[in-house]
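Okay, here we've got a single chain as structure tokens, the form predicted alone, with questions on binding and movement later.
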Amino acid sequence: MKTICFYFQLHQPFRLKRYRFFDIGNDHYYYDDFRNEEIIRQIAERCYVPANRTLMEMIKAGGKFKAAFSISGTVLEQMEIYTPEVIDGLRELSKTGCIEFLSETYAHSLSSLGDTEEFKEQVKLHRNKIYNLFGIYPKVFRNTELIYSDEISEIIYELGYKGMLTEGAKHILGWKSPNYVYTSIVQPQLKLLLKNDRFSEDVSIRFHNYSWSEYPLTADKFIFWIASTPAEEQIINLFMNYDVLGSFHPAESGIFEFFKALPRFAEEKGIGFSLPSEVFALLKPVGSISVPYPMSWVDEEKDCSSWLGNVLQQEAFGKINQISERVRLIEDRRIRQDWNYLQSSDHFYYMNTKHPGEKKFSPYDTPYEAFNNYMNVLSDFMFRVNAQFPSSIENEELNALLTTIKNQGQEIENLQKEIERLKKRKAKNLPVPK
């Protein structure tokens, strides 16, 4: 039976306030709280709350609809502060068993492209955040903006994940279809689900485009297209932003009614809905894909040039990665919090020069303004980091310190295991070695 796998992305960064050169060293608070609160409340009102309600109605109507969510740690923090009703709605959806939470980087960052250790730290931090809020440890991974490469797949498998979502880019697939389960070519035990670009973007981009030849898109027409794919293609992966419901496409466009109608027409065509973990458990891979260079789900190129494609972005990304090892030695809560917020991929996207004259989601008038503001903030942040671990410390000395800390951690872990072993022996009345 053919099945549809929905995945929704939820993310908002902590946007920076206008931070001047003369603020460096004097002002250590970087965020535009008014703007951040305004945006999260608007999106919650237009999208998150009514979308949660719509999905709950769809599930209660027959229990047929299922969907996965990837929610960044930064948007979860904003929800906790400003819109806790959104988290309550997600908890209620989770209780139905028809929703799955995915792992990602805590800050929706580009760490997988710059710092392997930081990448691992953020994945673990996000995993714990999801557990603390929803009582569930995610089983499937989805990287920031679906960024994927062979090298990243090895890291994800090492972290214990058996499945991952990514883009079904044409330059990678060639003649192959995205409507199957694949594996990483370098780690055959890691299964992959690939986004179906055409069907995903029919909903996420073209739904209320009046000039589109297929406008208006109705649920029965959409399901008919899916049902018309070859019978052997069993999985259609529809990956998109949650903002599609009510924000990118306003309520008056009919987007909520479109979604509500999907399960009924899908059932008529014998099409079901599945969670990523269910797909990985039921369907066998048909082959592997090779991705030597990172790809994403953004723009026509499906690469990472939207974040790291020009010298401004590369300079900023290089600077923040220079201090990652030092930051990991610092226990100051404010520094660690700022470190996470400054890594959000959005800050680098705002420096994008690929679309001249198009502001899109940027709060800045130009990419150069975005760069200058970010670098001013980063300069102050580096000043604070260097105050605790001066840049005069040589790399050899820093590496020695990191090695010592790592060895101490391993020794503590071994001692804890030994204590547990001795406790078990004592509980069984076995002699305890002296």
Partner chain sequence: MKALMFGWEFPPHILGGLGTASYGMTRGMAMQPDMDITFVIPKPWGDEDRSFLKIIGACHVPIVWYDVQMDYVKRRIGKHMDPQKYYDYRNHIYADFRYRHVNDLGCIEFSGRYPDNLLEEINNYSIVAGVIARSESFDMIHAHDWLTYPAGIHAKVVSGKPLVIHVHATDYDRSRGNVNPDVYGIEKNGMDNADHIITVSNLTRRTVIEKYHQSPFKVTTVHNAVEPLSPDILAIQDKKGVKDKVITFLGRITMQKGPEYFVEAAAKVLAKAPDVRFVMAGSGDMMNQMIRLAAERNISDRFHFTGFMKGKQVYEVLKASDVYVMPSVSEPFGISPLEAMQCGVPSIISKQSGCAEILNYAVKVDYWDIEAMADAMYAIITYPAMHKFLKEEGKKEVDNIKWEYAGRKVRRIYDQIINR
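Note that the structure is predicted; figures quoted are calculated from it, not measured. Positions refer to the first chain, counted from 1.
Beyond what is shown, the protein has a form predicted together with its partner chain; the following relates to that form.
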| property | result |
| --- | --- |
| Close approach of Thr54 to its partner chain in the predicted complex, 4.5 Å, heavy atom | no |
| Its partner chain contact in the predicted complex: Arg328, any heavy atom under 4.5 Å | no |
| Non-hydrogen atom contact Asn376 with its partner chain in the predicted complex at 4.5 angstroms | yes |
| Close approach of Glu158 to its partner chain in the predicted complex, 4.5 Å, heavy atom | no |
| Location of its partner chain contact in the predicted complex, chosen stretch of 117-125, 284-292, 311-319, 92-100 [non-hydrogen atom, 4.5 Å] | 311-319 |
| Answer option from Tyr48, Tyr30, Phe65, Phe371, heavy atom within 4.5 Å of its partner chain in the predicted complex | Phe371 |
| Residues within stretch 4-28 having a non-hydrogen atom within 4.5 Å of its partner chain in the predicted complex | Arg20, Phe21, Phe22, Ile24, Gly25, Asn26 |
